[in-house]
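Before any questions on binding or motion, here is one chain by itself as structure tokens, the form predicted on its own.
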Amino acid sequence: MQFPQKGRGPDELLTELESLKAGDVPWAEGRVFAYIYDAGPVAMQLLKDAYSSFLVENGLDPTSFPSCLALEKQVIGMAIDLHQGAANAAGSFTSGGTESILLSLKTARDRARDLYPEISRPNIVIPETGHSSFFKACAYFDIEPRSVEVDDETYCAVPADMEAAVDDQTILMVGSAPSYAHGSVDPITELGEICLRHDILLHVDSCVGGMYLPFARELGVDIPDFNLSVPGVTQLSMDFHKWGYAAKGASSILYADGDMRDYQIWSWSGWTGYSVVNPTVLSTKSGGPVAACWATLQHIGREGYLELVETCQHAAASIIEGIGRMPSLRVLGRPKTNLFSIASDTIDVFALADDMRARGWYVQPQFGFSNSPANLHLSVGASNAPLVDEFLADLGECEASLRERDVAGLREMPEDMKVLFLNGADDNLLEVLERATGVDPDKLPERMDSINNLLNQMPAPVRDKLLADFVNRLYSNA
């Protein structure tokens, strides 16, 4: 791609942009069980209009754009109210769950530096089901992550094991409400008691559930206590752009004690330019995401969210019930909401994902790790609900076909490849993968099952290196 010599007309450019979407997952058809959160055409149009109305406003300087400040304060106020924060609770609007988690750990680290100078090697205690963004934050901020195994049946954190991992260098513990992979809600009340005993912070990761669980509880779903009202909970992350149906780029980090936010803010005037004060990671930022979020929350309201959650709950329950009638499939853990994963001891779940994709459905493959086997994740949204019967019919046919074909999927890696992969001795693992599978490592093939089965057998660090190399090539301009 070369820089254009002459400009082109808007119509031509918009047509080309639309054509680029041809290879994307068909989210508008309600056949995608990940990534997309759709509250319907009216809400979607409002989202676009509200975003556009604040597209060029800059949230960098709240004194120049007080409109962005007012919108953020109202959005955060609604979030605190939803999660039963006290009068002194505070928070910040962020670009996503990853930024919220980065800020939470940065806050915990800087607080420890200020109050506990004897902590020289800070660590956090996190269940193995904890989101990868915590490990990313640890890598960014030089914090040790202590990963703790979870219960084999529920995939929830085990309080005694979490407490055993705490030492005099621990600054924070993590619990999920719910965890993404299995939809399990950790025992936050018990984790809060541990944190109070050891005088450490407790982060509740409710990025995927913060705009869902409160309404599910109101509908009578048995959700354990998890929000800012739980003793010991000091901070909570919550995405608006998931089940809040806001535009992408809308999340939050909330603190039970607003004074904690002091450690989050970064300011600098030690240069020749203007003084910079950043409450969050981003500096310059469009007012579009917060405006679209504000409009969506106001448009849907509590009654609307209750209806959406009820729709999702019924759809998820119907799918889980249907899966229970399929001999080779099982649901992992004991999910209570619309997030869950399915696994199999007899058929290849990666082949099942590809077979379903050939029929126009997208379910998300997840590799096995620790006590969680290879599985397929589903996030069941309101847009999926009208298609549940069709989805189950196709899933049942694909499952039966795989049983008849006896495709176990647990394909053993060739021995010569196994030596290279397991030892991680070859710097060019992509070429090794190409030899093992016969596919071009620079682009995705039509089917991924053979590659996913090889990746599933690799140790996580080797797999991570290979996937990082692959993504690096995808973004190459060569």
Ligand SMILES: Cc1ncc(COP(=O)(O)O)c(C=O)c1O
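Since we're looking at a predicted model, the values are computed, not measured. Numbers for residues come from their place in the sequence shown, where the first is 1.
The form predicted in complex with this ligand is left out here; the points below concern that form.
Contact with this ligand in the model of the complex holds for all three of 131, 207 and 239, each having a heavy atom within 4.5 Å.
In summary, the region of this chain contacting this ligand in the model of the complex, judged by heavy atoms within 4.5 Å and restricted to 95-103, 165-173, 220-228, 316-324, corresponds to 95-103. Only one of 180, 155, 361, 215 lies close to this ligand in the model of the complex, with a heavy atom inside 4.5 Å, and it is 180.
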